[in-house]
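Same chain, two versions here, written out as structure tokens and called structure 1 and structure 2.
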Structure 1
Amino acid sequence: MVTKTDETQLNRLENQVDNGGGGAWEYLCLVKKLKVRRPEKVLKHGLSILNDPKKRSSLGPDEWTLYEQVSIAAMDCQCLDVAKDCIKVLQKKFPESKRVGRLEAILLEAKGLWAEAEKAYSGLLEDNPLDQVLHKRRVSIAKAQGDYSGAIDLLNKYLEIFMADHDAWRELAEIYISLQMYKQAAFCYEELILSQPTVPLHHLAYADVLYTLGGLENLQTAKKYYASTIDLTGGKNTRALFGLCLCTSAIAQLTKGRNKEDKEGPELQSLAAAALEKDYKQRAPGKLPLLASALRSLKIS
């Protein structure tokens, strides 16, 4: 995760390099270390080093790492000829490298040659079945072709091996949601909450799915997870505040006064509404009438 300090340092270095103040290599190293995507900048500043023999030779063994970094950035920018040239240099230096073979397969994918890329990834996986990047590239090919059922199958098989991959669970949940398979998406978010219980976005996404599913039990659970999101964010998540109001209103309509055990519901709703009004006064005072109208439609005074 990129911290504010990291982001400040990255932006400072980026401005420095863009304005001719030097530090291109330090900037590229930081981009790689933080795993952020700045393909246009990486391509521009990476090529400025690679095209200068003196600068390139000063890198030592890191020259080959830069060729790899620039090739990936070039594919992101659809500068496929540049990517091809970088990969050729790496092929010449490392003719039997599986890592370079992976770059070749990614280039095929970038060109839209799905069958060839799939064949290349499958071949590489035979030699290294635990390569997570290769598995994920196969998922991306399935998604690019609109084969979401295939992507789901591949992700489920992947998660049988790499059960602790949070990004894969989140990706699977998003695919399920796009296909309106909300129960399956809910299961994915349950796994995420079990493994990362203090991440508010998981609680919020799970609550959204349960609210979409509807029904008294799901709404009651959704309300709890909207409340936990509010708690984890210090009361500053606007979506969760709205969600809590919506759930409480929907529960009241379904039970029509029969749910006498839910004594805290109206109180929570009033607190959420007050927090929303305070937030809107500070950040969007011009939209307060819209907020008031929305809260009135939920019968919140």
Structure 2
Amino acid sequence: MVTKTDETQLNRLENQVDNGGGGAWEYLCLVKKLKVRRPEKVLKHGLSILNDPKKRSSLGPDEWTLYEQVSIAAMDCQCLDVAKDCIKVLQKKFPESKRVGRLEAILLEAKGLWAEAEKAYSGLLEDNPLDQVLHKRRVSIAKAQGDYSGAIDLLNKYLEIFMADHDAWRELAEIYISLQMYKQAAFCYEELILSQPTVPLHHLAYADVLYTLGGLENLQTAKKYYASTIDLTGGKNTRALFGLCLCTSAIAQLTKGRNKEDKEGPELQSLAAAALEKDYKQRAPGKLPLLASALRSLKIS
């Protein structure tokens, strides 16, 4: 999960390096820090440093981490020869290393040799039962083979031990969503909200899942979480604003003909609609008429 400021900075740096303005090492470090996936760029710019002996030696001990980073990017781009070469260099420098052993196992994955990779990870896990990366690679193997129930199983077992791993909770939620197991996805987001209550994206995702589940109670809760997202993001989150309008509309549909006490006031929806109109006016004025008629179709008489 990357903030907008981080992403802007990353893209700016990427542009700079792409156009020959230097800063490759800075870029590579930022990619690593933010844990984003940009394999083609990492491969290109990483290799430009590694293939230049002067640049390479100026890295000092960081040279080895760069080999690791580039080998993983190479595997992501299916440039397996490059990956093998990088791993060979690391093997020479660190002959008994478990970290290099891990890379070798990932290479097996990249080649699609699932059984061998699984064996390698199990072996490594015997000596390092608490290595989180190893556990998670096993989930990737299951996922890559389309064994979603296996991946879910492994992730759940993993989370029993490492329950503070937010990335794992999010991955599990996404797998559940892709399988349309919305109740289970909701549970994951509840865990995330409990442990990171001020991260708006969890509130937003939870609201989205509840809306998808449907039913009056879920819609009412979803509305609350869209509202909390808007609160946490200072009203800047377009999806939450839209979500709020959708919820109000759906709730009104469901409570048609009920007592006045059950009905909700229109203030929240009007505020959200006004905020959306303001945003569109500023950033996408050409789409304003579209927005206006969409919002009209969501208002209930």
Partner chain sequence: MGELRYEISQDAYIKLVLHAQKHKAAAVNGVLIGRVSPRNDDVVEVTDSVPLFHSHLGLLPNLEISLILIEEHYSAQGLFIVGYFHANERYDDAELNGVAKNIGDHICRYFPQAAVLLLDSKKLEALPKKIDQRPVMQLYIRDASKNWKLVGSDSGSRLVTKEPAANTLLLDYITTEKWQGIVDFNDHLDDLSKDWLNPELFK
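Because the structure is a prediction, the values reported are computed rather than measured. Residue positions are counted from 1 along structure 1's sequence. In this text, the rigid core denotes the largest set of C-alpha atoms whose superposition between the two forms falls within 1.5 Å.
The form predicted alone is structure 1, not structure 2.
In the core-superposed comparison between structures 1 and 2, Trp64 has its Cα shifted by at least 2 Å. Relative to the superposed rigid core, Lys236 undergoes a CA displacement smaller than 2 Å between structures 1 and 2. A movement of the C-alpha atom of Gln184 falling short of 2 angstroms is seen between structures 1 and 2 when the two forms are aligned on their rigid core. If you overlay the core, the Cα of Thr8 moves by 8.2 Å between structures 1 and 2. Core fit done between structures 1 and 2; CA of Lys33 shifted by 5.1 Å.
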